[in-house]
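Same chain, two versions here, written out as structure tokens and called structure 1 and structure 2.
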Structure 1
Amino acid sequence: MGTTLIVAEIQNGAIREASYELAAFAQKIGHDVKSVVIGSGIGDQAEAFAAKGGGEVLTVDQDGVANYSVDAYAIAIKAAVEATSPDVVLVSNTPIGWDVAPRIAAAQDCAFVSDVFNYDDGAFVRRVFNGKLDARVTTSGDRVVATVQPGAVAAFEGSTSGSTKPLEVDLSGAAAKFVETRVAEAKGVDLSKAEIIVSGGRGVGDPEKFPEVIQPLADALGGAMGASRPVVDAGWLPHEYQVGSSGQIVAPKLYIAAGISGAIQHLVGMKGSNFVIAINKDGDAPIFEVADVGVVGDLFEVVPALTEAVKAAKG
């Protein structure tokens, strides 16, 4: 039947929502499910995960992993892999997942597939070419490590009769040690509190167009301006403007996406929006799949016209 090992994460004292999504994703694969929970004083969290799709949950409960360290976590996960001999290792596509998943794959000398959002007929499915195409990825070998986009599937629902089991791990080989966590002083744009967001994507063309086209509509609506990851990666806007799984997760009353194709990591960041308007000249853009209203057209014509209409309505 095969085995899938879930690497669960703890956030703010509880199992992260994305880990329950991994439990649902594991059901798609159809293997026997096992999990590993890492931290200190994590008995309650492990039991909670075992009861909601985690299967047999191995607990690495030690002071040495009370805080995240990639070396220590990699050692702990390697021990869990050796204890369970999984065919598939699932890790959330979160900052911790980005950091540790490639190390797991390298240590196991096995296949690695990142940013997947579906599993269909033996293949992992991920978006490529900025979300315009879906790639079906199959792997060779006995094992594969895959990172799954948060929000790609709904979290596991219902209850299961899982169990927990301690796993002793020698962490003495960890070269890096946790020292402290420093939280940057809050500054810039807090999109998570905005009720209206107007976001621009790579389709805006160049950085000068954001203050000329996108910001005026946001101002007219009394909202905030956001952006997609390609815009931030290109250096057009600072990271605090980014909406997506690697940026800010938002849930405004109104979300307007202009020139954004709709890569899965962006959709994850704005899926909680109450009403979505998409403006894109590509009628096949994935963003239209989640939009309540879709406008197929040139954003440089549509957005300024919409801005003037909003100003006129306000008198």
Structure 2
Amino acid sequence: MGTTLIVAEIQNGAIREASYELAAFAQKIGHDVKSVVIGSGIGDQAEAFAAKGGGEVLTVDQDGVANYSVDAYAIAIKAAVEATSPDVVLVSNTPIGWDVAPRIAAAQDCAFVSDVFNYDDGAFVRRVFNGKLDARVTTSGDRVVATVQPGAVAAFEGSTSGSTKPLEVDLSGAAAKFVETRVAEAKGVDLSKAEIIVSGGRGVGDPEKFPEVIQPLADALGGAMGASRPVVDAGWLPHEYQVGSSGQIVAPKLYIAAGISGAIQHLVGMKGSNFVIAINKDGDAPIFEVADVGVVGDLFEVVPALTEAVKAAKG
């Protein structure tokens, strides 16, 4: 039987939910499970993970890894790989995971697959072309490093009789240095509490169309306007309007997505919405998979007409 090494991640003082998802993902692969937990003063967290899917948990518990930095983490993970000789290394596809995991694969000269959401009949399954297609990826060689999309599988439930074991590493070769983490600044536009959000995407096509087409529907409904990442990247609207994993996470009663194709990072930000209406000219857009109601058509016809109808209904 092979070995799967889980790289667990600590966030706000506790093992991340995504790490328990890795424990569940490891069960799909079916190997012996070992884990590594990295941080400073992390004994309790390592115990918790050992009891819930982590198996034998190696602890790299040193001041030098109190905060994330790419070189120190790479050293710690490489040491855990050396100690466990895994067939599979699982890392969550988080800002830490995608920063360090490819380095581990390159150092090991082994296969690497990123952002997978399933393991099926010997292959990793992931999305490509921003969610428009899925790809089955097979690997060869003695080892594979894979990053797993957070939320792709349910977290490990149940209990295991794991153990913890300290792993000392020499961090003197780490060149990159952590300086600080800055929390998100207070938003001028707080979408997190909005009951109705009307968001526009790349399909709106022109910055001037937001005040002309999107904002009026939001106003008519008594809601707020949002946007997808490409709109903010293009400078059409400030970052505070951005809905998505790197913007605001929203959970309105009604979310209207106009001209938004539905890249994963956007879906992560709005999947808590109670009811989703999508309007897009591309019937294959991934947004229609998460929407409750979809209109395949021209947003410049539908949205203004809906705005007028809402105004008329409200009298």
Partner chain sequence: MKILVCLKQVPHQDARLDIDGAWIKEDGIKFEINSYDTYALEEALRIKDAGEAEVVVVSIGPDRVTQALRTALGMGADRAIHVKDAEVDGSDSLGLAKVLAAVAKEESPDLVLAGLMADDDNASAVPPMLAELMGVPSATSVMKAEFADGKVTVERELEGGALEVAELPTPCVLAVQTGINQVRYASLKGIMAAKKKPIDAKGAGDLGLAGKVGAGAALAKVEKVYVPPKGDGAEIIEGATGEVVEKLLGKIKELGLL
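Between two forms, the rigid core is defined as the largest C-alpha subset superposing within 1.5 Å. These numbers come from a predicted model, not from an experiment. Each residue is numbered by where it sits in the sequence of structure 1, with counting from 1.
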Here the form predicted alone is displayed as structure 1
Hey, does D99 budge by 2 Å or more at the Cα between structure 1 and structure 2 once the core is superposed? no
For R202, state whether the C-alpha moves by 2 Å or more between structure 1 and structure 2 after rigid core superposition. yes
After fitting the rigid core, is the C-alpha of W236 off by 2 Å or more between structure 1 and structure 2? yes
If the rigid core is lined up, how many Å does the C-alpha atom of M225 shift between structure 1 and structure 2? 4.2
